[in-house]
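Next up: a single chain in structure tokens, the form predicted on its own.
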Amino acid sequence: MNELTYWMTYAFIQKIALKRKNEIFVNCFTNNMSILQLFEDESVWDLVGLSVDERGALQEAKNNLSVNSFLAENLLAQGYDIIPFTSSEYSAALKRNLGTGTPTVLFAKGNKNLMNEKTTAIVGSRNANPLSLQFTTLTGKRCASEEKVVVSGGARGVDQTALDAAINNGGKSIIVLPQGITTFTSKIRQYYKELTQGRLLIVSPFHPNAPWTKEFAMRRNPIIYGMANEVYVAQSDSSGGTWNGVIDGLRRNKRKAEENKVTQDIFVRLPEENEQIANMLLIQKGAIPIDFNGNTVELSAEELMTPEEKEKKDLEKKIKALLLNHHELSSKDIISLLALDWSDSKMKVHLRKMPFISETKKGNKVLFLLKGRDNTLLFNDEGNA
């Protein structure tokens, strides 16, 4: 039986979470075991640390080997590829970016080598405004001229515009599907020329015969980001797939930077003043701001503050002004003078975190004042002497 049948069967196990499946196989790899041994030699299950439930799930999966063998043969006969994450053809960027969240198997049609060329994801809203779509087209054209592979989800809006900009200008692209690869036949016919020219790869992490679902669309989004060496964001709302993908990427970058590992550049288009979009929020959370032409933009520290940070700084200024005028105030006095809907304990905690405030006691009353107030020190906006 073809080894790919075992990989497919392993990938289709629903009772074991993806990350756990990958952890199990890492244990196999560490102990020089193949995927065949995992299925055919139950004596190794102790060695790789399978739980009782995992043993049961694997035993059930073994019953599907013959059916999956037939499916694998059909897929290969029709020109599809089955690529396990241990293959050298598998996207190195995807494994680097997603780690144990990497899909166990990818089903593909087209030029597999595109996965390991320079890849750029261009992402954004399905209902993007004209300016965002113009930016997407310009970025897609630039990627084509720089021989970068554009990674797209193929959905309407930014995804489709990025795909069209790349392939219509002689470039290359990868489409990541939110469905099984055999259910995409009409589009495969549409892009037949690009497929035969080696300029397109279509991939799916889902069962080859699975229909489109909203759940698959959400699970597909991290793969688009993960398969790219860099990400360009045309337009984002404050929730949804684009927002979640960028936030996940920024968190991942922070973690990797702390571990001195390679991070992923995430560029976000700086919005115009009248645009009601969330791009600026993503920049304030750590994404790299770029102008319409893709050039990085230097922003001031204040411009890079999140709304929460600005609100905090504004409150600190107001508290500082109160203490300059009144010399000493209780936390309740400050709440009253600023008309805040805060509890006394919350204000006390907040005041004690401010580096420029000290406290004193008069009888049973706790009062707050500026550090060095008796020496008439002046304070800058950061609260330093």
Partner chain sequence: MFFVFLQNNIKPFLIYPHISFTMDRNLAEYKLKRVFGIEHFYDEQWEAISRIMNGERILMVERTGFGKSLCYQFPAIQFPGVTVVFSPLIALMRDQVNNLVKKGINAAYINSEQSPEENENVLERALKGEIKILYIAPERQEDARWMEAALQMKLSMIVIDEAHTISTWGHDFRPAFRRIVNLVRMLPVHLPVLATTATATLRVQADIEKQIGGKLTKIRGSLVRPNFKLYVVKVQSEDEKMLWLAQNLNKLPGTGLVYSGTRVDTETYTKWLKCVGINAVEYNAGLEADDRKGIEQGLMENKWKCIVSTNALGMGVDKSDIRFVIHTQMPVSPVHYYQEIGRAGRDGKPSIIILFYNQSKASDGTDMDMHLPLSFIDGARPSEKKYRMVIQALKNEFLSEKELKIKCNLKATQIRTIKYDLIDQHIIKEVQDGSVKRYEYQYDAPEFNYTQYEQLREAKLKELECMRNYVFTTAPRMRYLCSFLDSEDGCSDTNCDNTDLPKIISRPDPYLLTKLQEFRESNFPELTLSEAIHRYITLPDKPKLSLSLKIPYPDVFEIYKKQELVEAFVRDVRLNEFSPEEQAKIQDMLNTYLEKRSHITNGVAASYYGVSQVGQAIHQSKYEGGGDFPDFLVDLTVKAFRQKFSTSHYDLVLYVPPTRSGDLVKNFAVRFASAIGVPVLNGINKTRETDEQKIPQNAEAKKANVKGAFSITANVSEKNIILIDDLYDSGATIKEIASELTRSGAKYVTPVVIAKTVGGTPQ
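Not measured: the values here are computed from a predicted model. Positions refer to the first chain, counted from 1.
Although not depicted, the form predicted in complex with the partner chain is the subject of the following passage.
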Listed range touching the partner chain, judged in the model of the complex by heavy atoms within 4.5 Å, from 281-289, 189-197, 257-265, 125-133: 189-197
Would you confirm whether the three residues Lys318, His327 and Asn364 all fall within 4.5 Å of the partner chain in the model of the complex, going by non-hydrogen atoms? no
Have a look at Val44, Met354, Val67, Ile335 for me and say which one sits with a heavy atom within 4.5 Å of the partner chain in the model of the complex. Val67
The unique member of Pro307, Gly79, Gly170, Pro211 whose heavy atoms fall within 4.5 Å of the partner chain in the model of the complex: Gly79
4.5 Å heavy atom contact, Asn63 and the partner chain in the model of the complex: yes
Although the partner isn't part of this model, could you tell me whether Glu73 comes within 4.5 Å of the partner chain in the model of the complex, counting any heavy atom of the residue? yes
Does the partner chain come within 4.5 Å of any heavy atom of Asn113 in the model of the complex? yes
Taking 4.5 angstroms as the cut-off for heavy atoms, does Glu40 touch the partner chain in the model of the complex? yes
Within 4.5 Å of the partner chain in the model of the complex, counting any non-hydrogen atom, which residues from 154-170 show up? none
